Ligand code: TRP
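Presented below, as C-alpha cells, is a lone chain in the form predicted alone.
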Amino acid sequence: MGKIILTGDRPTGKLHIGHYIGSLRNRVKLQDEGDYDKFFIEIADAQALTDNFANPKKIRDNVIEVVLDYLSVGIDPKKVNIFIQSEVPALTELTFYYMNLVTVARLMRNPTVKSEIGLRGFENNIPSGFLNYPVSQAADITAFKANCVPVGNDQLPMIEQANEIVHRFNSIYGDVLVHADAIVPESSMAARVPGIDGKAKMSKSLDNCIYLSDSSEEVKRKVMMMYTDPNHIKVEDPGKIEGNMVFTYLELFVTPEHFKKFLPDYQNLDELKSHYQRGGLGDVKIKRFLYDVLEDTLSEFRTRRKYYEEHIEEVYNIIKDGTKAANETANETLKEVKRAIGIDYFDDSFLNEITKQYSRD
C-alpha cells in the first residue's frame, strides 16, 4: 500500500498564523512534493460538537471559513480531498464498533483528553462524546487507511491510542486496519506558536492571534501592540530577545530575501538580534520589519481568499466533491470491517453460509 495522508481541523473559528506554521505550511509542502497516493483533509465538525453541542451555529458558520483558509494558503483541491466529517456516515459507524475495543479507564488516561477536560472545566461532567474523541479520531484515521498523519506533539497520545485500537482489532478479527505514523513539526516552536501577548499558545479563545484572513491594517495593529521586552524603554537600552514575541515570530517567518528587501542594513537575524541585545535598536523598527515580513506572506493569501470569496459556489463544490471521494473510501473500509467482524448480513456470502447450514439440517 502507498502513502495515504490524513489531517484536519475543528471548525471552531478562523485559522491563524499558528495553524499555518504548525500544520498548514507542511500540508502544502507535502501536497506539492506529491509523494502520496491519496491526501484527505477533514473538517472535523462532529468532533467540534462534542464540546460545542449547545452552539452548533458556531460550527456551521466556520466550516466555509476554514475551507477558505485552506485554499488561501495554497491547498489545491485537485490534489487534496477536503471533506466534512459529519457527511461521512461510515465514520460514526466505525466509531461505534471501536468503542468496544477500549475501556473508559484507558480513555481517561489519555494525556490529551485529560488536558482538554481540565481546559474546558468538565471535571465530573464529561460529555460521553467528548470522552470518546480518541475513538472517533481512530475511526477517521483507519477509515482512509491513513499511514501518515501530520499532528502537533500534543496529539501524539491520540495517534498512540488509535494504533492500540488497530492492534486490538487486527488481533481479534484479522489484519484489516492499518498502523499510522505521526508526522510532527520540525521544531518545538512551530508546534506551539505563542500568542502576540507572549503569555500562552496562540488561541482563538484567548484572542491573541493574527488570523490568516486579517486585513493589512489589522496585522499592523496587532504587530505594533506585540509583547517585546518591558525593560527596553529607550532605544539605547540593551534588549532581551528571550520571550520577545517580535523575534519569536521573525524566527518562524523571516528569510534572507526579507532582509535584502526590507532591512538591507542587516545580513541576517543573528545580526539583528545582536544589535538589539547591545542597545541602539528600537522596538518600533523591528516591529515594522516583522510587519513587512508577515505582509509578504499574508498578502498572497488574501489574494487567493478574495478569489474564492467571490466564487463561493466553487468552494461549495470543492467540499462536495471531496466529501464524495471520502465516502467512497470510508465505505469500502467499513465493508471490510463488518466482514471481518461477521456482521455483513446482506452480503451474498452470508446467504450462501446460511443456505448450506440449513440444507444440512
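Residue numbers here begin at 1 and follow the sequence given. None of the values given here were measured: they were computed from a predicted structure.
The same protein has a further form, the form predicted in complex with the named molecule, not shown here; the description that follows concerns it.
The three marked residues, Arg10, Asp140 and Gln155, each reach the named molecule in the predicted complex, with a heavy atom inside 4.5 Å. Note that among 43 to 51, 309 to 317, 290 to 298, 57 to 65, the stretch whose heavy atoms approach the named molecule to within 4.5 Å in the predicted complex is 43 to 51. Taking a 4.5 Å heavy atom cutoff to the named molecule in the predicted complex, the contact residue among Val246, Val193, Val80, Val149 is Val149.
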